[in-house]
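Quick heads-up: it's one chain on its own, the form predicted on its own, in structure tokens.
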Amino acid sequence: MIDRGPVAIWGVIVAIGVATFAVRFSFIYLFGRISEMPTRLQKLLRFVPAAVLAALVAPALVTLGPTVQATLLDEHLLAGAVAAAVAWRTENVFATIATGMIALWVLRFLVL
């Protein structure tokens, strides 16, 4: 392991902070200069929140087991499927979260 001094570490932290600010500010600056977004871009941007949510949730739901059966019968995946069904039917965030948590607890402590 290479030993770096505190100046190098702080330099990296500052550089990463500046780079992060530049990336975020570039979008603010870019959209401040554009008076109207193209319709096609607006249609594509509607799916960004759902895609980000799926990217955050999917790795927590799907864990690879030693067999396909173990993967499909994982309590997280089953509880997520129940929560997805409730979300689809009710479109209620609280009902989705509550049902998913209850399903996970039931599967974890009572069934599996």
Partner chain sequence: MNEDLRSGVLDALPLQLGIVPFALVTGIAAADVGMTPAQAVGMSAIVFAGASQLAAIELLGANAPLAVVVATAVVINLRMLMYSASIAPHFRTYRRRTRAYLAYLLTDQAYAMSIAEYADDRDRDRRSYYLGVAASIWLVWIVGTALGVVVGAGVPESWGLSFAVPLVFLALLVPAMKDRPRTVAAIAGGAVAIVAADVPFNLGLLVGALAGIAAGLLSARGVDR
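Residue numbers count along the first chain shown, from 1. Since the model is a prediction, treat every value here as computed from it, not as a measurement. Basically, rigid core = biggest C-alpha set you can superpose within 1.5 Å across the two forms.
Another form exists, predicted together with the partner chain; not displayed. Remarks below refer to it.
- The closest non-hydrogen atom of Pro66 lies beyond 4.5 Å of the partner chain in the model of the complex.
- The closest non-hydrogen atom of Val48 lies within 4.5 Å of the partner chain in the model of the complex.
- Residue contact with the partner chain in the model of the complex: Ala70 places no heavy atom within 4.5 Å of it.
- Ala8 belongs to the set of residues with a heavy atom inside 4.5 Å of the partner chain in the model of the complex.
- Taking 2 Å as the criterion, Met101 does not count as shifted between this form and the one not shown: its C-alpha moves by less than this amount when the rigid core is aligned.
- Core-aligned CA deviation for Arg24 between this form and the one not shown: 2 Å or greater.
- Core-aligned CA deviation for Leu41 between this form and the one not shown: 2 Å or greater.
- Look at Glu91 and Lys43: in the model of the complex their Cα atoms move 3 Å or more farther apart than in this form.
- Relative to this form, Ala58 and Ile16 approach one another in the model of the complex, with their C-alpha atoms ending up at least 3 Å closer.
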